[in-house]
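First comes one chain, alone, set out as structure tokens in the form predicted on its own.
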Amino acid sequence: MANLGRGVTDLKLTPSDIPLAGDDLARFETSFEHTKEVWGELLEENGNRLQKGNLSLHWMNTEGSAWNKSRVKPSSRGLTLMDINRPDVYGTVPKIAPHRKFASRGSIRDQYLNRMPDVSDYTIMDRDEVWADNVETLYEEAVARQWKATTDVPWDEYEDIVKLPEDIRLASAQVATFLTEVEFVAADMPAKWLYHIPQDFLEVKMFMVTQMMDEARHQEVFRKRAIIGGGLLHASPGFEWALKVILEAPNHTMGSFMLNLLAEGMVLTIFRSGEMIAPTQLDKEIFRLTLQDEARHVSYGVMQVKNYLDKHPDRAAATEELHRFADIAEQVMLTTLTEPTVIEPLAVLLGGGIKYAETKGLDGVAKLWDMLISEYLQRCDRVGLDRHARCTLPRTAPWAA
């Protein structure tokens, strides 16, 4: 057999750019050595007791537990968050989180606080920075309405997509590509803030996890839709500037405003137009399924920002700060709304083909534009942020002015 070159033993691994964690590991070691007086004492106590074959059984002392006084029963819908939060001891969410511990709200914990570690990453201690009065019901709805992108979409009808005229097929693939680009940022934003929220606001943390799962599924379904019907096409630089604003918002409420009121709100409007822009029944089903998820995210955002402004001790100053953020966010969003990779495929789909994209198609997008801006301003009105006089987004599409 001919010599095929170097043997296996001569092969070397491709150099890795992953840095070693030496400095971070050193800080970790120093931190835990510094706190060893507490956790080491616990270890010594527990170890000695176990070596002697003794049981503590302190956890059987129910003094301080509310179970005997506050029995919880399932409702007709099962056992919901609303049911278990009915007793004050479990359902009262403090205005300010009392500590940065992992212990669950309502548990017997106060007597152990001085032996528990502080979680320095828990920085959102004010409930009204993240709370929404509908967050419990939104969580219950989210877990009840989970769907599977693999089996709940009629992929067996994919031949209907393959048979589409090329311009319609490519336009629908481009819209799906654009949506794959934006969906994960709608998961990144709650992920960014999730670990800053202490356990006392657990309902918000739980809802955020469902939003992240929703967005993962949306990214999945639109990626599959693009690949099955024309391939992933062109990225949208203009929209990525809007995504950057979402991730770099100065606080959670501003990020929620940009994501849930502005960006997701506009995506919700597009999804509601699925009957007009979906070229097949398969596409209509995708828009129907994703629509129900986006509606929850927008609902949380509206109620969260409203609660933030309603409860803020200096509402005028908080409102002006949000206006200043919106002044920039809207202009960056306008970059998105003029992107060819967004506007043009919508025009092709609404016009019924490339032949009518510049006439009937752009007219249809202009009507969609009017809906996007009107519904955004309605959401702002609902939270108590009047943007009508200050909105920097043109009320009519630039080509229709």
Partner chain sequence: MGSVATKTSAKGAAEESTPFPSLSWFERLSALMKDNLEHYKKLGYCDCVADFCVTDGGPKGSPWIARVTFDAFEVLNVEDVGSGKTPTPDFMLEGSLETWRAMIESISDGDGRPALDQTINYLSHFHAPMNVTSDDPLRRDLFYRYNQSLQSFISGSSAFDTVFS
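Numbering follows the first chain given and starts at 1. What you see is a predicted model, and the numbers here were worked out from it, not measured in a lab.
Although it is not shown, the form predicted together with its partner chain is what the next lines describe.
Proximity to its partner chain in the model of the complex holds for none of M189, A242 and H323, with the criterion being a heavy atom within 4.5 Å. In the model of the complex, none of the heavy atoms of D88 sits within 4.5 Å of a heavy atom of its partner chain. Though the partner is left out of this view, K367 does reach within 4.5 Å of its partner chain in the model of the complex, counting heavy atoms only. Its partner chain is not shown here, and in the model of the complex it never comes within 4.5 Å of any heavy atom of M333. For the chain shown alone, R288 is a contact residue for its partner chain in the model of the complex, at least one non-hydrogen atom being within 4.5 angstroms.
Figure note: of the listed segments 250-258, 307-315, 226-234, 277-285, the one touching its partner chain in the model of the complex, with heavy atoms no more than 4.5 Å away, is 277-285. Checked against its partner chain in the model of the complex, the residues D126, D121, E166, E157 give one hit for a heavy atom within 4.5 Å, which is E157. The partner is absent here; in the model of the complex, the one residue of H196, R145, R115, K95 having a heavy atom within 4.5 Å of its partner chain is R145. Annotation for 349-381: interface residues with its partner chain in the model of the complex are L350, G364, K367, L368, M371, E375, Q378, R379 [heavy atom within 4.5 Å].
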